[in-house]
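Shown next as structure tokens: one chain only, the form predicted on its own.
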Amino acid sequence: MTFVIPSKLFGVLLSGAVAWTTLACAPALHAAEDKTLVVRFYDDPAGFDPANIFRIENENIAFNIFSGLTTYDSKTGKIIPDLAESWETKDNLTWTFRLRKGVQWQKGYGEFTAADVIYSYKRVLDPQTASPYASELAGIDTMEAPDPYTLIIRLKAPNGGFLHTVANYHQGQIVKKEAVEAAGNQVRWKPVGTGPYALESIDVNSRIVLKRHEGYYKGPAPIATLDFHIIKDDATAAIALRNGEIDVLMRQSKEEQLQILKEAGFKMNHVDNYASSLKVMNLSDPILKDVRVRQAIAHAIDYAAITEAIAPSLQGTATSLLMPWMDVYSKDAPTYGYDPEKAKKLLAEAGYPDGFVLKTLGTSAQGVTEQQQFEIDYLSQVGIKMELELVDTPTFNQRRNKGDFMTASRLLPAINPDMILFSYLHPSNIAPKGLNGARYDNPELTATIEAARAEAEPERRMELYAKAQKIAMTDLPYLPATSSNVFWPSKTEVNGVTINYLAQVNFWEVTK
């Protein structure tokens, strides 16, 4: 299936009375040139509609097509202005955003205004859109645009992390009503945004081409064309880089290939500990609903040893849903060291002294990974027979989003800790409404994370987040398996490939 997209015409947390104001945006780093950057894209594209987008490779495309009211500094992860050049709030309840003037939509759709933001958020909230990110905006009570460049959003309850909610990520990405309506049921393949690049064409089997948005409000990007080549196999992608067929290798997931490229002198662009890779345990399953079984699985697998054996550069150990670099991370939550005898004891107490069959949903594109092979071996030593259900990637995504599995994997990059806690643990996000694929619902934890999000006093806020992490790791609906590092090797002459904590690259900053 090939689409060619025609042109129609051609962290800051604010509280009290504090206001954030920015000066004029920075100029383009380099003069715009007619250059092409060839980038490896590592899986079948799944579309770029912010309301329903998922998987990091697709999010990288959307991140460069769309904008949010805010965005993230590539190096520090701090909230910085995007379509909103300033904002203010007195109580974390009413937020007033001052929007940039003169921002142009791609494809000749005219100037961006506050009405576009209101449309975008209402679209995500509309049940007919079936957005898994609707709950992120569910706290909005009213939206008002007194003029085209002012937006006032009143929330149902204070939210100190609201600037994350409206950032350039998922539900925060602003779409154009007329472009969405024109695309109809092909909207995921016809994205139109205000970001530095516009979709030029896509062949879902081979290539995605983005062209520089000449009217981007920060100025044209240095690279004119981003040519993404779909290369699923990591070894083939490494060969393509070594042969000069691509300039940047989006995500290299094989340790051996990383070492080869490093020794060959390629630039090893990377970010460490950007997210926890989780084993999602479906609590509607009659076996996994017993917490002792879930804790037994945690004690049965030595993830530290697996990481050291297969991918010491690409993975680290994970002990929480949150990452240690987050300001609300707590070290006091329970952890589960490798202890097969304790695992057997827990299984016996739960009524499974001889183990059981544990079905795990996976993708045929990845096949049986080395990590899964180790998991199968470790679990067999306590009597658990792990069986893989390998399906094609679209089916995997559909079943995972519906919660149609016994266990599955999930990795959700996020800079906002609330996004992780609410997405995985809040009952309003139970699949298929959201990412709570474990179908977890603990009223005590729900009340705790809601209180933490609203709390303005730092010490009390930290206490609440620590309590939430302790409950989550005791109940263990999600087992943190590994922390993930991501590498984008590139040619040495490619500069500015800064991978943020969402595993995204702002190609406006890239030069060649």
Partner chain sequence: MLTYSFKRVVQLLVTVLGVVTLVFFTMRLIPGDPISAMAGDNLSGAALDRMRSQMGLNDPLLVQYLAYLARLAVLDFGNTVTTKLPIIDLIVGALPITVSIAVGTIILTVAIAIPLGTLAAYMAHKGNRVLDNVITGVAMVLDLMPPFWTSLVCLLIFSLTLGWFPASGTVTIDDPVTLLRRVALPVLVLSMAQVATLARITRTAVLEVLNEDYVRTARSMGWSELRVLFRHALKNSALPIVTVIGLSFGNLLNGTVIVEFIFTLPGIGNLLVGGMNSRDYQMVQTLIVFYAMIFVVINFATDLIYRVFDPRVQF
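Residue numbers count along the first chain shown, from 1. Everything quoted here is computed from the prediction, not taken from an experiment.
One more form of this protein exists, namely the form predicted together with its partner chain; it is left out here, but the text below deals with it.
Looking at its partner chain in the model of the complex, residues 133, 186 and 242 each place a heavy atom within 4.5 Å of it. Proximity of residue 401 to its partner chain in the model of the complex: non-hydrogen atoms within 4.5 Å are present.
With a 4.5 Å cutoff on heavy atoms, residue 435 counts as touching its partner chain in the model of the complex.
At a distance threshold of 4.5 angstroms between non-hydrogen atoms, residue 392 is in contact with its partner chain in the model of the complex. The closest heavy atom approach of residue 204 to its partner chain in the model of the complex falls within 4.5 Å. Remark: of stretches 449-457, 475-483, 41-49, 61-69, the one touching its partner chain in the model of the complex is 41-49 (heavy atom within 4.5 Å).
Contact with its partner chain in the model of the complex, defined as a heavy atom within 4.5 Å, holds for exactly one of 122, 177, 90, 232, namely 232. Here is the short version: of 411, 311, 224, 361, the single residue with a heavy atom within 4.5 Å of its partner chain in the model of the complex is 411.
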